[in-house]
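Below sits a lone chain in structure tokens, taken as the form predicted alone.
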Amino acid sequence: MKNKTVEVKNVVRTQHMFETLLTRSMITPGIGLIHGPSGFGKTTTVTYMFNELTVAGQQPLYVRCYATDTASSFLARVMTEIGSEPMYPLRKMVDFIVRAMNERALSLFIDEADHIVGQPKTMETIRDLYDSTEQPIVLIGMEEIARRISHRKQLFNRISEWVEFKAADLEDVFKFSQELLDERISVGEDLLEYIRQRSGGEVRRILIALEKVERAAIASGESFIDRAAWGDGQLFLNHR
């Protein structure tokens, strides 16, 4: 299968969300939230957007959080993204990051934010970065992150745009098949719907299934494969 990001509904909605953050009025806060279950394509979408923005000269920052993170390690990773060494005490890093974000109009994407949402010092530091720059900051996390952030009113009230990643529908699955599969192969709508049902609309599992279908079609020399042709072929581990 081709290695590319397909602009399905979740991707388009995320692009629109970030564009809204960039063009918002001065009275509207600029923190965004992307949330949804694992496997729905959040990180892939954000990476795609990050690359597109970089090409366009907007220079966003992307930081992935870890379970072991502290305010210090989080700030150190942001410093690395900016291209500088960590500084201590932490206030020096905050001041440096604020200055860089303001001077270079840097947006900040924070992936796997679930790992730090329970850390008051780190979350307050993120709020400090936003309040001192008013550059867009986007938090990315699992489906429960919105509820967890809601307990931090000062940060929660600064979220003006959000995207909840939804399960892929049949139109999305069809678009994946059209843009990712070998051009010589087409898949019947009934098989695409079967893949959607069996995957629960989870993008990661949809792509696994489509690659299996593609490999089977190439191996058999078939250019078209539908539900009947697929039969009892296995799409996922422990699923038929």
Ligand SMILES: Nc1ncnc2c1ncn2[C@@H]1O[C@H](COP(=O)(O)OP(=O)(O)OP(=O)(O)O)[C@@H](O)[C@H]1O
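Don't overthink the numbering: it's just position in the shown sequence, from 1. Because the structure is a prediction, the values reported are computed rather than measured.
Below, we turn to the form predicted together with the named molecule, even though it does not appear here.
Trainee: Would you check, heavy atoms only and a 4.5 Å threshold, whether A105 touches the named molecule in the model of the complex?
Mentor: Although the named molecule is absent here, A105 would stay clear of it in the model of the complex, with no heavy atoms inside 4.5 Å.
Trainee: How about M142: is it within 4.5 Å of the named molecule in the model of the complex, going by heavy atoms?
Mentor: So M142 counts as contacting the named molecule.
Trainee: Please check if E134 has a heavy atom lying within 4.5 Å of any heavy atom of the named molecule in the model of the complex.
Mentor: Answer no; every heavy atom of E134 is more than 4.5 Å from the named molecule in the model of the complex.
Trainee: Any chance L21 has a heavy atom within 4.5 Å of the named molecule in the model of the complex?
Mentor: Contact with the named molecule, no.
Trainee: Of 6-14, 21-29, 213-221, 226-234, which is the one stretch near the named molecule in the model of the complex, taking non-hydrogen atoms within 4.5 angstroms as near?
Mentor: Stretch 6-14 is the one.
Trainee: Go through E164, D128, E112, D169 and name the one with a heavy atom inside 4.5 Å of the named molecule in the model of the complex.
Mentor: By the 4.5 Å criterion, the partner-contacting residue is E112.
Trainee: Given that the named molecule is left out here, which of S38, N51, T70, Q59 has a heavy atom within 4.5 Å of it in the model of the complex?
Mentor: Spelling it out, the residue with a heavy atom inside the cut-off is S38.
Trainee: Scan 49-82 and write down, in order along the chain, each residue with a heavy atom lying within 4.5 Å of the named molecule in the model of the complex.
Mentor: The stretch 49-82, when checked against the named molecule in the model of the complex, contributes no residue at the 4.5 Å heavy-atom cut-off.
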